[in-house]
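Presented below, as structure tokens, is a lone chain in the form predicted on its own.
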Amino acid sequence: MTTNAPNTQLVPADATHESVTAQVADIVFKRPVEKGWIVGFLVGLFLLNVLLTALGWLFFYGVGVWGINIPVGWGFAIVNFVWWIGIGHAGTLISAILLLLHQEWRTSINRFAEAMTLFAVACAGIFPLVHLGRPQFFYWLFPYPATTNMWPQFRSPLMWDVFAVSTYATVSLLFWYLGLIPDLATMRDRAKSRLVARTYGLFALGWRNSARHWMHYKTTYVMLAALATPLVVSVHTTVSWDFSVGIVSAWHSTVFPPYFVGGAIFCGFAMVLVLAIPLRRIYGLKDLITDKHLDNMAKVMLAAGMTVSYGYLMDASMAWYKNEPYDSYIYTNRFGGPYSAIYWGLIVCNCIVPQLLWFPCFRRQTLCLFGIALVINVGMWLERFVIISLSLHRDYLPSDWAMYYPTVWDWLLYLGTFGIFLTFMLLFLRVLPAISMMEVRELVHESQEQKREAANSR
């Protein structure tokens, strides 16, 4: 993860500006639409229809179609909200924080990671709205000048989510679009159709590749990165406060903010690998998304996984150390209660399986890395289910205990959000450059300069 001699590993030795541009732009302009893309797009459209059906059924009959009950008032809606928000964290981390740290290996993966963030936030935003019960009044959550003189309850965690997620989505969208501008100008100049060229030119905002444009661009890009960096911590910290401000024994913990942020980076990088490995294989981008990129992402994922495992250990040890009966019972119930299989499943997925990443042979085998990333995403979803449902289904009063069983409409709504994610991701790959041509060309230029200096020194 150092940057002393990155260009020899991150770009091919014979790469040129034109070869990089052609390899990325030809995916949009020259590469035919594959059958696999069509099948994936049809699957995405099918899941979108599933989502619309589930939402229509929900609006018609109400939240009673879900499996929520008393005391489990938060079910799949909040589980999936936290899971999707966590997936969206890797895009901002790769784009903003690694840019400020001058980690050049981010250049080939930041573009589709940023797109992944936007699509994941769109999926996450559905669940708090439908969980309102009366989503037609969602605008009550905003402090607009209402004639009724009614203001939102700013002490409500729901209000915190609204402001945190909307701010995160806005800054992520601006950062993603700003990074696209030079590449949109490249697409404009390579387009054969006048209509296509004008469309790309419209969104390129008149980019002419002048020194003045580059000066303003670089300044704004770094400023937005500095603005987006606190969001990586603040957004999922705010989501964790939804739980830590409650009086539920397993939630009322100060470890939740760093624990949630580490988990978000963990599953976010896992999803980036789930997207990057098929992308480089299908579109022949192994020269741009190299084994070094995958290795670095696996190392970051391993570090985040160790943070998550440490959080599990500290949470359990503090419950034991306090010897408070309610906190102790939470873990007794997790270890051997009716949902114990789910708890031990998340331990295997999030704590044991990621230890394989210590070995370079697993980090360099793309199929193994892809499988580990999938397992981690499943484990992080199980973790959210354990935190929410297992902590609620047996509260302080045994007379109120109840089991939570998600209904078919819970599952259909969750699966339907994958339709949003898959459809928009596939459209993004066919319409916009999936890799930042501008930043990879900068690496190529630096590599050529290093070769010239080495040749002159001889």
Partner chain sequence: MNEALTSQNNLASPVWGILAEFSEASELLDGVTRLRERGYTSLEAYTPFPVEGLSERLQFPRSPMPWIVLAGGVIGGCSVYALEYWINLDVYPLNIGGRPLHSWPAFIPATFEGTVLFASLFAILGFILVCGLPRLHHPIFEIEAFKRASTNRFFLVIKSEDPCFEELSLRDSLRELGACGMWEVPHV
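Positions refer to the first chain, counted from 1. Nothing here was measured: the structure is a model prediction, and the numbers come from that model.
Just so you know, the form predicted together with its partner chain exists too; it's not on screen, but the next bit is about it.
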| item | value |
| --- | --- |
| Heavy atom within 4.5 Å of its partner chain in the model of the complex - residue from T254, Q365, S317, Q153 | Q153 |
| The unique member of P325, P360, P135, P143 whose heavy atoms fall within 4.5 Å of its partner chain in the model of the complex | P143 |
| Full three-residue contact with its partner chain in the model of the complex, heavy atom 4.5 Å, for A164, D189 and L202 | yes |
| Contact segment among 88-96, 302-310, 231-239, 255-263, judged by heavy atoms lying within 4.5 Å of its partner chain in the model of the complex | 231-239 |
| Interface membership of F335, its partner chain in the model of the complex, 4.5 Å heavy atom rule | no |
| 4.5 Å heavy atom contact, A185 and its partner chain in the model of the complex | yes |
| Non-hydrogen atom contact K292 with its partner chain in the model of the complex at 4.5 angstroms | no |
| Distance check, A341 to its partner chain in the model of the complex, heavy atom within 4.5 Å | no |
| In the model of the complex: members of 166-181 within 4.5 Å of its partner chain, any heavy atom | T167, T170, V171, L174, L178, I181 |
